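Okay, so we've got a single protein chain in two different forms coming up as structure tokens, structure 1 first and structure 2 after it.
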Structure 1
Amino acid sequence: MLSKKQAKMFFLGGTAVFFLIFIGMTVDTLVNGVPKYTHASQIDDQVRLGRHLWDSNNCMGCHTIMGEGAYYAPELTKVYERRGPEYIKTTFNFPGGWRPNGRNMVEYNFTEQEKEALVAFLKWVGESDLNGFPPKPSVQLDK
């Protein structure tokens, strides 16, 4: 059995060791992981504008991206891969708003440059390495 002083030293020593491990893993993630998996070097002004439009129009209020957001509308992490740029651009300015499967998306009236920026942002998101997220569907539907 440990004395009170030994127990205290054991606790403090263990805390210090695991704190140092945590700091090391955090630094490794920020230095080696994030730039490699997110392709940070591919973030250009168009992707930044797309992200700004995504945030300023509260797209996350309905959509999910990278596992974050609401579940009212479709998950968009891999939408560029699934649907392509022309389909995506069509949904933004669809007359009267896009209404698939009984859900409503307002008509945004984005300019061509803004639509291209949103597509560039969604393409960048889809190319990020998310360790297999979102999983591919196990059932293939006929197109």
Structure 2
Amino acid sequence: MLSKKQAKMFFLGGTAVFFLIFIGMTVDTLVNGVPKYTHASQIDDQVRLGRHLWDSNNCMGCHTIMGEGAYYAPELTKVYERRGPEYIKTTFNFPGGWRPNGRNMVEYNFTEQEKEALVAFLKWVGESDLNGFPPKPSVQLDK
């Protein structure tokens, strides 16, 4: 039967091996993968400001982006493609808060530049290669 010492070796050895593989894959992902998959060269000051606003307002606390966030409000990865820039911009400073289908968005007070920045960020996200996410529905009842 397995002894306590062997069990310990299994734990330490296995952890070390898989940790090293993980680090190797991480380096490859960051160096070779991410720049290509996310068009990192297109991250300019506008996209950066947009991401900062996305972050500091916790938009992810209602929406998902790349499928991550909360499930109260729509997935926004492809919102630029779906709605276009003008529609997106009207949602922010809507008096009393944008309330399209009975769910309330927070009323913001963004400047024109900030709105543009958020649009630029959402456009950048939508152009990233996400391995096929979000999936294409088999039927399009709403088109």
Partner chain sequence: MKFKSQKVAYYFFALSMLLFSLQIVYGFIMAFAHMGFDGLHEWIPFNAATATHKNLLVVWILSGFMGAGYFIIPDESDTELWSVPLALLQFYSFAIVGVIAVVGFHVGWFEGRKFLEIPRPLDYLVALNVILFLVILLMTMFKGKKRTTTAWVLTSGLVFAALLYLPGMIWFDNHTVDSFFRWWVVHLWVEGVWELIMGGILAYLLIKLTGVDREVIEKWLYVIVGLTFLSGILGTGHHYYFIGVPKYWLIVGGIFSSLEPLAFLGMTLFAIQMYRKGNKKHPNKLAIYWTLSTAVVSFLGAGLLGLAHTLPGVNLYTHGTLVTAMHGHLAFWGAYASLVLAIISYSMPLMTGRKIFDNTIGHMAFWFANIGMIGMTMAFAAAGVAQVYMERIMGLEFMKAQLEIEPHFFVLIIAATVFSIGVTLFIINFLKFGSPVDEAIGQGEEFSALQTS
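The term rigid core refers to the most C-alpha atoms you can superpose between the two forms while keeping them within 1.5 Å. Just so we're clear, the structure is a prediction, and the values are computed from it rather than from any experiment. Here, residue number means position along structure 1's sequence, counting from 1.
Matching each structure to its source, the form predicted together with its partner chain turns out to be structure 2.
For T111, a C-alpha deviation below 2 angstroms is recorded between structure 1 and structure 2 after rigid-core alignment. The Cα position of D28 differs by 2 Å or more between structure 1 and structure 2 after fitting on the rigid core. Domain rotation between structure 1 and structure 2, with the chain taken as two rigid parts and C-alpha atoms superposed, amounts to 18 degrees for the smaller part.
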